[in-house]
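Encoded as C-alpha cells, the following chain is the form predicted on its own, with no partner shown.
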C-alpha cells in the first residue's frame, strides 16, 4: 500500500485492509458460528432413540454467554466542573469523552498562559500541531497571534491566557459543531471563572458564538462590546482566517487597537 494512502487511512481511524486475510477470517468466523452436525446414529438405532440421544446431547452443551456491551462514556456534569480547581480541571479536560471529538484526538488541549491574566483570548479549536503538542496556537496561526499580541504590547504567557472553544481537534480542522461547542462550554466557563480576566477576546465566529451565546457575524460584531458573566467580550478575526485573507489584517489591527483603548479606559 502506498505511504500516502496509508496515512489517509490512519487519519480516518482505519487500518489497512488485506483482502486475503479478511476473507480467511470471515471463513473461520462462519465455520465457528455453524452448529456442529450431530453424529450419525449407531447401527440399529431407531429414529426415536436417535432423537432422544440428540436432545440429551444438546442439553449437555452449556449456553455460550453473550458479553454485555460496554457502557457509553458519561459526560461530567457542568455543576461538577464548576467546582474544580486548576489541576482537576485540566485532568478532567484531558480525560473527557463527552462528544465524538475524543475518538480521533491525540490529546486534549486545555489552554496555556497566565492564570491571573487580565487578557483572555479564545480561539476555535486545536489544529494538527496543537493536537500533537498539547498547546493552543503553536502553528502558523499561533505565530501570527504572537505578532498580534506584540503589536499591542502583550506577550504570550504574560498577563495573557489562551484557550479554545473546543479542547479536541475537529477532524480535518473543520469548524466545530454546535453540540461539540456546547459539550466543551462548561470547561471554558470554568477557566474564565478561575482566571477572572478583565477582557475576553473572541478569535473567529465559533469562539464568538460560544462566548456570546448566539449566532453572530464577525463583520456585524466587530467594534461592539458584549458580555459573558459580567466580563466584556470583544470580537475579531481568527489568525488562521487572516492567513488566508491577508487584506483583512488591517481590520484585525483596528480591533486590537479598540481592545487596547478599552483596557486603558477601564484602568482609569
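Positions refer to the first chain, counted from 1. Model, not experiment: these values are computed from the prediction.
In what follows, reference is made to the form predicted in complex with a small molecule, a form of this protein that is not presented.
Undergrad: Does the small molecule come within 4.5 Å of any heavy atom of residue 205 in the predicted bound form?
TA: Residue 205 lies outside the contact set for the small molecule.
Undergrad: Any chance residue 127 has a heavy atom within 4.5 Å of the small molecule in the predicted bound form?
TA: Yes, residue 127 sits close enough to the small molecule in the predicted bound form that at least one of its heavy atoms falls within 4.5 Å.
Undergrad: Is residue 137 one of the residues lying within 4.5 Å of the small molecule in the predicted bound form, judged by heavy atom distances?
TA: Residue 137: yes, in contact with the small molecule in the predicted bound form.
Undergrad: At 4.5 Å between heavy atoms, only one of the stretches 147 to 155, 77 to 85, 183 to 191, 119 to 127 reaches the small molecule in the predicted bound form; which one is it?
TA: Contact-bearing stretch, as computed: 119 to 127.
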